[in-house]
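Next up: just one chain, as structure tokens, the form predicted alone.
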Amino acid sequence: MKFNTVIIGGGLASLVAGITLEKAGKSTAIISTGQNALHFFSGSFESMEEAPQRVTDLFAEAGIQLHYNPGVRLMPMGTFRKSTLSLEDISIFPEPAIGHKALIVSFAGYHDFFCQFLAEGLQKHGVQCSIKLLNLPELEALEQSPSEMRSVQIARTMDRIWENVVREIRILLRDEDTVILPQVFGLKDTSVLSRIRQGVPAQVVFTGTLPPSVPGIRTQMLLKRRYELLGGIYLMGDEATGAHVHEGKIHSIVTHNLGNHFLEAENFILATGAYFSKGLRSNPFEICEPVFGLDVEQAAERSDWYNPEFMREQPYMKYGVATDATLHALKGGEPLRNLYAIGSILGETRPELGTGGGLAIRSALAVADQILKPTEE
């Protein structure tokens, strides 16, 4: 199978690059092992101090509404974190304050939303908090098994019964000016979020839970759908296991599922993430990139990889695949002419591109633009 570009990895960076290339008429394929960092997405994009119209338009075309509002967002432990570009369901405040009184609402048997910690954190910011647990008949079947009482399973039900939740909240509300709910709404129907806000006579704030992230999974599903509608091929549940390289150029890659059928392309993009998704792996002697054997920027001594104080910043988290100025990946100190690296596999080797979601988006667009640049004669 031949394509203009084959992208290895199925997360945010891969989908942004794939959508951009498909819109420009380039044939692409994405190889995804399955779960990726979007399943842990907070709903806000780090390192996006500017909100280029190009980014908001790309997401809007996929049915994802973003808003740019520099300020802070409420975290699950009742603290606040700086934020700028976020999904529409993430409330951004100009300062670490949400009101005077808050009603924190969760569901009986749901243990991935820490109401007490949230209340204690907010009380330090002068917010009086009360906690209520809803007993909903529709969730009783899920309560029988802790493994079923998770955010995604609850969200599948909430898209159908959100009106019941609003009714219960209206009964519980006294003089609170804010209602805080876990992010378990709008998995497939994003209109549910605005309907809840319209139905509750108080400010509604949706706050993160333990993974998996409902906003993240929704974002991944919508971007993937947009990519496939444009004509992209998304190979789910497969992984690249090797490559054919000749004279500094990738000719094809081998995948686990395709066996002797290789994926050929003019360009290849590596977006396999870092340690969580096994884009980077370590042994007692080195940190390595497993598909192409690329150079990884890292300290020579293993003792320098980590800080013995567990809660301190860990150096190994900054390591990543080495690239040249145009994000071509390096092997043996030399760039592979048609292989690019984007997203978190870069670590913090390219600080000008930011971190987290910002790094994914900025690097994906930079490489897509490089591929689309007219070839000089």
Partner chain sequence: MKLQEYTSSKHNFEECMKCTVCTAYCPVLQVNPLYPGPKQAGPDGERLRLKDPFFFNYALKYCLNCKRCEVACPSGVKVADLIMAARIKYDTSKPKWRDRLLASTDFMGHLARPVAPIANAVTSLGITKTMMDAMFKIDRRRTFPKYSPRSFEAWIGRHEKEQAAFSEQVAYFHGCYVNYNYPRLGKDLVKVLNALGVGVQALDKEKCCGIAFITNGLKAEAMKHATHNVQVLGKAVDKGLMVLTTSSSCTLTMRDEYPSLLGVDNSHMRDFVMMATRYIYEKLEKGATLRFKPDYHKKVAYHTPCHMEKLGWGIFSEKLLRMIPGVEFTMLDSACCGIAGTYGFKRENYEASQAIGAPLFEQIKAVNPDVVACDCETCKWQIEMSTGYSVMNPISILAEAILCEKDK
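These numbers come from a predicted model, not from an experiment. Numbering follows the first chain given and starts at 1.
Omitted from view is the form predicted together with the partner chain, to which the following refers.
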Check your understanding: If contact means any heavy atom within 4.5 Å, which of 30-38, 333-341, 346-354, 319-327 contacts the partner chain in the predicted bound form?
Key -> 30-38
Check your understanding: Each of Met75, His251 and Leu365 near the partner chain in the predicted bound form, meaning some heavy atom within 4.5 Å?
Key -> no
Exercise for review: Name the residue from Arg167, Arg81, Lys278, Arg302 that puts a heavy atom within 4.5 Å of the partner chain in the predicted bound form.
Suggested key: Lys278
**Study point:** Interface residue in the predicted bound form among Val200, Leu136, Ile98, Leu235, criterion: non-hydrogen atom within 4.5 angstroms of the partner chain
**Key:** Leu235
**Study point:** in the predicted bound form, Gln144 touching the partner chain (heavy atom, 4.5 Å)
**Key:** yes
Review point. Gln153 near the partner chain in the predicted bound form, any heavy atom under 4.5 Å?
Key: yes
Exercise for review: Mark Glu88 yes when one of its heavy atoms lies within 4.5 Å of a heavy atom of the partner chain in the predicted bound form, and no otherwise.
Suggested key: no
Exercise for review: Using a 4.5 Å heavy atom cut-off, state whether Arg225 contacts the partner chain in the predicted bound form.
Suggested key: yes
Practice item. Could you list which residues of 248-265 come within 4.5 Å of the partner chain in the predicted bound form, counting heavy atoms only? Key: Asn257, Leu258, Asn260, His261
